[in-house]
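To begin, one chain is listed below as structure tokens, in the form predicted alone.
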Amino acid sequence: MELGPHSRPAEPGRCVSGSPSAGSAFPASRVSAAGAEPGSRPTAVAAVLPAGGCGERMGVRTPKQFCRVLERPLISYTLQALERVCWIKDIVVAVTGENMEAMRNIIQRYGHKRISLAEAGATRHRSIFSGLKALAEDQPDCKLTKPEVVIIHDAVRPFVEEDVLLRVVMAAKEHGCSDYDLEFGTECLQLALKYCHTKAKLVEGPPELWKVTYKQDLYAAESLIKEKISQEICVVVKTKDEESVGHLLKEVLKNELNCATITSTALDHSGGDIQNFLTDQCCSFIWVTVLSSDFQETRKFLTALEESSLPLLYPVVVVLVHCLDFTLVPPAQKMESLMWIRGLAKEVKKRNVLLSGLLINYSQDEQKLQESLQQGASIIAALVKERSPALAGQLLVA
């Protein structure tokens, strides 16, 4: 898949597809968001990611594909986007010899699957050729499936969605090429037509399908990733009192974060199975307690988080919300007893879990309670959106 070399975040991307071999078999599949018909997907699709660039335009020593966004290499996000597409059988990354070991470490650390490496060439086209050659080689020890369609995708375009990929694969089978296409085509489209004797077609991509090229693009990518992972929040409670406050907090949060999905989970008195509600979709947790705090349960929850793959992929925000009546227990006194949060936050921060504490006035006065919940929701929204390591370990008062 290929986009124009100067596409920016505000511009729609374009994807280029080459046609598959004649007589390809397309198994049954659901209708996609792109409007593809059932039975339209090929049996063997692979992807090649040219990742041999030096990042000259980025103006940094580290090649842009290895630059960190939220403490994770950019290329890891791109690999994750492709791995989520189950019908892409193999992903080949073409990387320079000097970065081969670094790429292997990324694959291992972030648990990437179906990834093979090929040595990048002196130019982008030669790197693509190296990846294609790895897929075409018919060797007894080769674990790669010989594909019918190969998607060429930039290693620094992390926001590609399945429906776009499916449209590209479909276009490979269905569309031809015209002189009009060439006028607006990219280098790879021209090469496909000239050397491969195959037809090709431009496919419109969404505005999000942009390429990280300059330093400011890294900040734009970070902002977009933060926005995406802040769209789901889980409120965790144990007792009926906590369930009541959790429901109120959930409703206020919905107004504060009107685009987010906010769910709630109640643990039983034995602690329940925490792993049951840890999914790769949710990276923000609000743990609610009323008039008490349980260090052991908090530790158990954080341990389960650390053992999951979540903190490896994204910074996970956990806000421990303690509700108490300020007329009975002054906030300063309660904060003193919660100083353990700071030590615990420092410990889990090393594993990409950002822990903070929040005191909410659990007043009998309904108006005061509502005001405190509203202030608390604003604080939680800021913690979730910003995901700032500097705020980890803070004890805040609403």
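Note that the coordinates shown come from a computational prediction; the quantities given were computed from them, not determined experimentally. Throughout, we count residues from 1 along the sequence that is shown. If you superpose the two forms and keep the largest set of C-alpha atoms that fall within 1.5 Å, you have the rigid core.
The discussion below concerns the form predicted in complex with another copy of the chain, not included here.
Check your understanding: Honest question, do Gly111, Ser116 and Ile152 all end up within 4.5 Å of another copy of the chain in the predicted complex by heavy atom distance?
Key -> Heavy-atom distance to another copy of the chain in the predicted complex: none of the three under 4.5 Å.
Check your understanding: From the list Glu251, Glu243, Glu297, Glu227, which entry has a heavy atom within 4.5 Å of another copy of the chain in the predicted complex?
Key -> Only one listed residue qualifies here, and that residue is Glu227.
Check your understanding: Counting only non-hydrogen atoms, which stretch in 314 to 322, 205 to 213, 120 to 128, 71 to 79 is within 4.5 Å of another copy of the chain in the predicted complex?
Key -> Selected stretch: 205 to 213.
Review point. Is the gap between Ser223 and another copy of the chain in the predicted complex 4.5 Å or less for some heavy atom pair?
Key: Because a heavy atom of Ser223 falls inside 4.5 Å of another copy of the chain in the predicted complex, the answer is yes.
Exercise for review: Answer yes if any heavy atom of Trp87 is within 4.5 Å of a heavy atom of another copy of the chain in the predicted complex; otherwise answer no.
Suggested key: Outside the cut-off, so no.
Exercise for review: Determine whether any heavy atom of Lys368 comes within 4.5 Å of a heavy atom of another copy of the chain in the predicted complex, and answer yes or no.
Suggested key: Because no heavy atom of Lys368 falls inside 4.5 Å of another copy of the chain in the predicted complex, the answer is no.
Review point. Can any non-hydrogen atom of Lys346 be found within 4.5 angstroms of another copy of the chain in the predicted complex?
Key: Answer yes; at least one heavy atom of Lys346 falls within 4.5 Å of another copy of the chain in the predicted complex.
Practice item. Scan 335 to 367 and write down, in order along the chain, each residue with a heavy atom lying within 4.5 Å of another copy of the chain in the predicted complex. Key: In sequence order, Met335, Glu336, Met339, Arg342, Lys346 come within 4.5 Å of the partner.
Review point. Taking the rigid core as the reference frame, is the Cα of Ser337 displaced by 2 Å or more between the shown form and the other one?
Key: No: Ser337 shifts by under 2 Å between the shown form and the other one.
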